Ligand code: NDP
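Given next, in C-alpha cells, is a single chain: the form predicted alone.
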Amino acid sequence: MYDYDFFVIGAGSGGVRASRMAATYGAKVGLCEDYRVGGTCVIRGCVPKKLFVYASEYSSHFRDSGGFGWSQADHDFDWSTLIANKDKEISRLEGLYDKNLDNHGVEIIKARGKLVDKHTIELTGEDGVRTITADKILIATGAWPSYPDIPGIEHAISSNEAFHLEELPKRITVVGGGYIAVEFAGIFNGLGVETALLYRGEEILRGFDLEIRTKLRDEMVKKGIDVRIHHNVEEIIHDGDQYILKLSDGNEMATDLVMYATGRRANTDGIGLEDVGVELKPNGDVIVDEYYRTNVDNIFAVGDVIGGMQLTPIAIKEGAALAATQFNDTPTFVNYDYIPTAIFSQPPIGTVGMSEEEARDEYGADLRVYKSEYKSMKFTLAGRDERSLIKMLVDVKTDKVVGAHMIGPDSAEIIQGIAIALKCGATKAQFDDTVAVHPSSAEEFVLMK
C-alpha cells in the first residue's frame, strides 16, 4: 500500500494540470515544489514577461498619440512601481493555483523531491527530510536557463534575474537569438535602456520562417536596438561599474548588464533519475513514449523536462493526457500538428504550421506562397515607420493551407483563430470564401490573391 496513488515532482503548468486532473478522476495525489507553485510560466516566464511587454510598449504609444491629436506630455517611468505591481499579480495568481489544487484534494508539499527508488521519494524542506511512497510518479520539473562555458560568465544574468532587478541599467547587452532574447531586447529598449542583441547565427529566431525572422530584425533595428548577427561573446570582464565584452570578431563592447538567453536545459540534475534507471538524452531531457512513460514503467514525465516545444499550453495538454490515460482509462496523447506560437517581440509574431523553407522541402514546385505587406491603420496617423507582413503557404495539389505567419500588431490574437482553421484542414478556397472583417489586419488572411 502506497502513501499516494500519484505523486508529482514539480508544480509548473504540466505538473499542476496532471495532479489536478488525476485527483478529479479519484486518485490520491501529492505534489512537491521547492520554490513557488505555478512554475516558469506564472512565476518567472510568460506572465511577468507579458506584463513587461505591455509596460515597454507605452513609450511607443505615447509617441504615436500625437498623430491622433493628443498633446505630447512628458512621461516618467518608474521601474520599482512596475516590479511591485508585477509581484503583487504573480502572488495573486500563485494563490489561485494553491486554492485550485486544494479544492481538488491535491496535497501540496513545499519541499524538494528526489527519487530513492521507483516508488519512494525523499522530500527535503523546512521541516527536515522525510520519505513518502507512491504507485505512480510524475517528473514535471521543467527547464532552467543554460550558459556557455566562457571566462566571466558568472557576471551574466538570465531572464530569471531580469524580473527582479533593483534598478534598470542604462545599457544592456542581450546574448542569444531565440524568442526570450528578442522579447527582452524589445522590453528593455521600450523602457529606455540602450539595448544591444548579439547572436552567433546567421539570423535571429532559428527555426521560424526566414522572411519573418529577417523582417523582425529590420524592425528591431528601426526601433534603435543594436542587433548584431554572426557575433558571439568570448569573455566577460568586470571593469568597475561596467562590463567589457570580448567579441568573436576581435572587437570589444562596453555594457552595464549582460543577459544570456541562449537556451534552456531540462531540470533533471540531482533528483535521482539516474539512480533509479530512468533514461535521459545526452542533453538531460527525459526520454518518454507517446504516453509520457519513461523506461521505468511507473515513472512519467511531461513538459519542458522532456524537450520538444517548450510551451506552457503543450505542458498543460501533456499533463491532462497523462492523467486521462493513467487514471480515467482513456488512452490519450497530444497531437503536435499545427501548434500555434506567439512571440511577443516588438512587433509581435504569430505563426502556425510549416515555415516557407519547410514547406518547399515538403512540396517543392507544388507550394504556392501568398504574401501581404502593409502599414497598420493604427500607424498611418501616428507616422510610425513600421510595416506588417502576412504569409500563407498552400499545397496547390490539395489547396490545403499548410502554414500561416504574421508579424505586426495583434499577431498573437489573430493567429489563434487561424490555427483552428489549419487544424481543421482548411483550404485556400475556404479562406477566400470567408467574408472579411473590415477594417482589420486579420482580413488580410482572407483577401490574399
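Start at 1 and count along the sequence shown; that's the residue number. Keep in mind that this is a model prediction, so the values were computed, not measured.
A second form of this protein, the form predicted in complex with this ligand, is not displayed here; the remarks below concern that form.
Student: Using a 4.5 Å cut on heavy atoms, which of P169, P148, G105, G272 is close to this ligand in the model of the complex?
Tutor: Exactly one listed residue reaches within 4.5 Å, namely P148.
Student: Using a 4.5 Å heavy atom cut-off, which residue among K246, R293, R200, R368 comes into contact with this ligand in the model of the complex?
Tutor: Result of the distance check: R200.
Student: For I212, is any heavy atom within 4.5 Å of this ligand in the model of the complex, or not?
Tutor: The answer is no: I212 has no heavy atom within 4.5 Å of this ligand.
Student: Heavy atoms within 4.5 Å of this ligand in the model of the complex: does G186 have any?
Tutor: No.
Student: Please check if Q310 has a heavy atom lying within 4.5 Å of any heavy atom of this ligand in the model of the complex.
Tutor: Although this ligand is absent here, Q310 would touch it in the model of the complex, with heavy atoms inside 4.5 Å.
Student: My question is simply whether T341 lines the interface with this ligand in the model of the complex - judged by any non-hydrogen atom within 4.5 Å.
Tutor: Although this ligand is absent here, T341 would touch it in the model of the complex, with heavy atoms inside 4.5 Å.
Student: Out of the stretches listed (327 to 335, 285 to 293, 373 to 381, 343 to 351), which one is close to this ligand in the model of the complex, meaning heavy atoms within 4.5 Å?
Tutor: Heavy-atom contact with the partner occurs in 343 to 351.
Student: Taking heavy atoms and a 4.5 Å limit, what residues of 178 to 216 are near this ligand in the model of the complex?
Tutor: Residues within 4.5 Å: G178, Y179, I180, A181, E183, Y199, R200, R206.
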